[in-house]
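Here you get one chain, nothing else, as structure tokens; it is the form predicted alone.
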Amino acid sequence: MSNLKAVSGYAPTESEASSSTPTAISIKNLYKRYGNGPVILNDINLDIKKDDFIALIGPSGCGKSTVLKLLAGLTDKTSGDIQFLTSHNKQQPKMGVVFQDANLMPWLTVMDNVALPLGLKGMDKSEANKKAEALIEMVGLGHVKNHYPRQLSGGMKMRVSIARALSVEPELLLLDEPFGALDEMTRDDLNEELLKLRQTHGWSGVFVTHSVTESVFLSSRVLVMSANPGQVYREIKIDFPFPRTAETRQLKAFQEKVVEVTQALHELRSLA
């Protein structure tokens, strides 16, 4: 990987740093390894703006999911700094996390699964159910609110998982390849629904994916990551207006961005 190191270690440019949109999260010189194992992340530098939706894409083992775990506080950094600049007392902002699996409680109904985080925070049951029902309607599942996870399709389960994550009114939504196991049509539909929810709720997002098309469709910036160790190889800005629709995928400019991200991934293979 010696050739790759010369083009890695991305840091925001001066023009990016001077953007009028305030920085919500600043990641500096982030380094992660587990015990005496190999380095997972090496010198990650990233500023996440309040209106950002960032997609992380790269080969397996490049540390995409580890970035999410560090942001969520699910694992500790080895060194470096993560600062939450716009949150109260610079503590972690309110976060929602959506994993690859829906991770629903099989003995709870859709309603109870969505209301669960609210109950854990001490919210009155009737108030929690009212809020949960509104979110369930928003993700288009009002007709199955009393169903159990075993009665739902894969796409429905992910909608429930997203509704549950949104129940805490997150400032930051972290999504770890939630649509990877779904068919392409369902994935496209959920991509569009996710962007509608973002317009409504206004959270910043970090989305891990292996799909180039998905990364371009969802994000304001695609970060292409290299592996061994995990580093940001290239940032590609995606400047199509939000919300995006099925027609966005037909644009020549959209296809050009897909090619640009694909070429960056191909470069990684040649440099490895």
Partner chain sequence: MNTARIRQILPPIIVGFILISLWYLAIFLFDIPIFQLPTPHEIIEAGMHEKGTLISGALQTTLACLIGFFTSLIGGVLLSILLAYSSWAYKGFYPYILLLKMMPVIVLAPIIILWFGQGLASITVITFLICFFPIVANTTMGLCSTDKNLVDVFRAYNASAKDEMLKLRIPYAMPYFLTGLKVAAALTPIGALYGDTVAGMGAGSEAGLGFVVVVFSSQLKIPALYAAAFTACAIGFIFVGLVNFLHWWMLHKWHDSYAQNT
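Numbering follows the first chain given and starts at 1. The model shown is predicted, which means the values in this text are computed figures rather than measured ones.
Not on display, but discussed next: the form predicted in complex with the partner chain.
Trainee: Counting only heavy atoms and a 4.5 Å cut-off, does the partner chain in the model of the complex sit next to every one of 27, 30 and 62?
Mentor: The answer is no; none of 27, 30 and 62 reaches the partner chain.
Trainee: Looking at 144, 190, 182, 116 here, can you tell me which has any non-hydrogen atom within 4.5 angstroms of the partner chain in the model of the complex?
Mentor: That would be 116.
Trainee: Using a 4.5 Å cut on heavy atoms, which of 138, 195, 156, 95 is close to the partner chain in the model of the complex?
Mentor: Contact residue from the list: 95.
Trainee: From the candidate stretches 182 to 190, 76 to 84, 195 to 203, 118 to 126, select the single one in contact with the partner chain in the model of the complex, where contact means a heavy atom within 4.5 Å.
Mentor: Selected stretch: 118 to 126.
Trainee: My question is simply whether residue 168 lines the interface with the partner chain in the model of the complex - judged by any non-hydrogen atom within 4.5 Å.
Mentor: Output for residue 168 is yes: heavy atoms within 4.5 Å of the partner chain.
Trainee: Would residue 134 count as touching the partner chain in the model of the complex under a 4.5 Å heavy atom rule?
Mentor: Heavy-atom contact with the partner chain at 4.5 Å: absent for residue 134.
Trainee: Can any non-hydrogen atom of residue 104 be found within 4.5 angstroms of the partner chain in the model of the complex?
Mentor: Close contact exists here: in the model of the complex, residue 104 approaches the partner chain to within 4.5 Å, heavy atoms only.
Trainee: Within 147 to 168, which residues come within 4.5 Å of the partner chain in the model of the complex, counting heavy atoms only?
Mentor: In sequence order, 148, 150, 164, 165, 168 come within 4.5 Å of the partner.
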